[in-house]
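Only one chain comes next, encoded as structure tokens, the form predicted alone.
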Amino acid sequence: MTPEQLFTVALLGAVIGLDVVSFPQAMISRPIVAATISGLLLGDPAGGLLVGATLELIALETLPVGASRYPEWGSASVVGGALFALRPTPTSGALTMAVLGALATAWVGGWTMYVIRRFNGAIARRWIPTLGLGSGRAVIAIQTAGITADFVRGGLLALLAILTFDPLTRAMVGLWSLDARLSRAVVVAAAAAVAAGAVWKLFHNTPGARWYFAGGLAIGLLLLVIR
């Protein structure tokens, strides 16, 4: 990778990582968006979209509730899109390694978010006396510290992940013997199975969910046929 590519992945990972919790929470951290942007900036938007759609199926299983620990899909999807975009297309095993790299990054990312929460708590405790006096300066200081720490977290996570998984992906792709179409089919089928499990739980726990799903699916298929 060139220094420019490394900087692009790190900066995008920092910005996208912010969207997960801190700011602006505009859904750009969803895998299908983050990975597509990553692929676009590295010259393969279609490849980024493929990785993003696959990761999105897996991410449907994640339910971010309160302070629970869950995978951080934003920065991880940037890494997954980059790993695939950096391989010549079509390359057998590239999608598999991109998804595995993103999954590992998402798992580590969940731990880093837990660390950030503890950091934010420590900062807030230091400002408690001033907060009790209604200080706007204290609120701004806490918010700034939290957002800055999260920005650095996302950037370092994406940088270290791409430095780790890019050479590993290059080595594995060189040894890959399974047909490209078959290996992609296996990955997509596994992701679809995870998504099906998540959707099944949603159908049982949310009144009317199956009808909304059926309606959305019908509209999507209709638009596909019309185009």
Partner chain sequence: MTASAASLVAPSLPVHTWVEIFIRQLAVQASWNYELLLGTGIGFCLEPALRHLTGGREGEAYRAAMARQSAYFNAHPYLTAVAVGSLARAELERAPAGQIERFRTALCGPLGSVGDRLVWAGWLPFCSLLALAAFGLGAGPVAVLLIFLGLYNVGHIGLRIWGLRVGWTHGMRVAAALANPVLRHGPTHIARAAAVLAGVALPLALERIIEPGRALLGGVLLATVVGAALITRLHGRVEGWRIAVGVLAACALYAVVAR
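Residue numbers count along the first chain shown, from 1. Note that the coordinates shown come from a computational prediction; the quantities given were computed from them, not determined experimentally. Think of the rigid core as the biggest set of C-alphas that the two forms share within 1.5 Å after superposition.
Not on display, but discussed next: the form predicted together with its partner chain.
The closest non-hydrogen atom of Leu100 lies within 4.5 Å of its partner chain in the predicted bound form. Put simply, Asp166 is far from its partner chain in the predicted bound form: not one heavy atom of it is within 4.5 Å. Though the partner is left out of this view, Arg126 does not reach within 4.5 Å of its partner chain in the predicted bound form, counting heavy atoms only.
With a 4.5 Å cutoff on heavy atoms, Trp73 counts as touching its partner chain in the predicted bound form. Residues of 121 to 153 lying near its partner chain in the predicted bound form, listed in sequence order, are Gly121, Ala124, Arg125, Leu131, Gly132, Leu133, Gly134, Ser135, Gly136, Arg137, Val139, Ile140, Ile142, Gln143, Gly146, Ile147, the criterion being any heavy atom within 4.5 Å. With the core superposed, Val21 shows a C-alpha displacement below 2 Å between the shown form and the other one. Here Ala209 counts as shifted, since its C-alpha moves by at least 2 Å between the shown form and the other one after the core is aligned.
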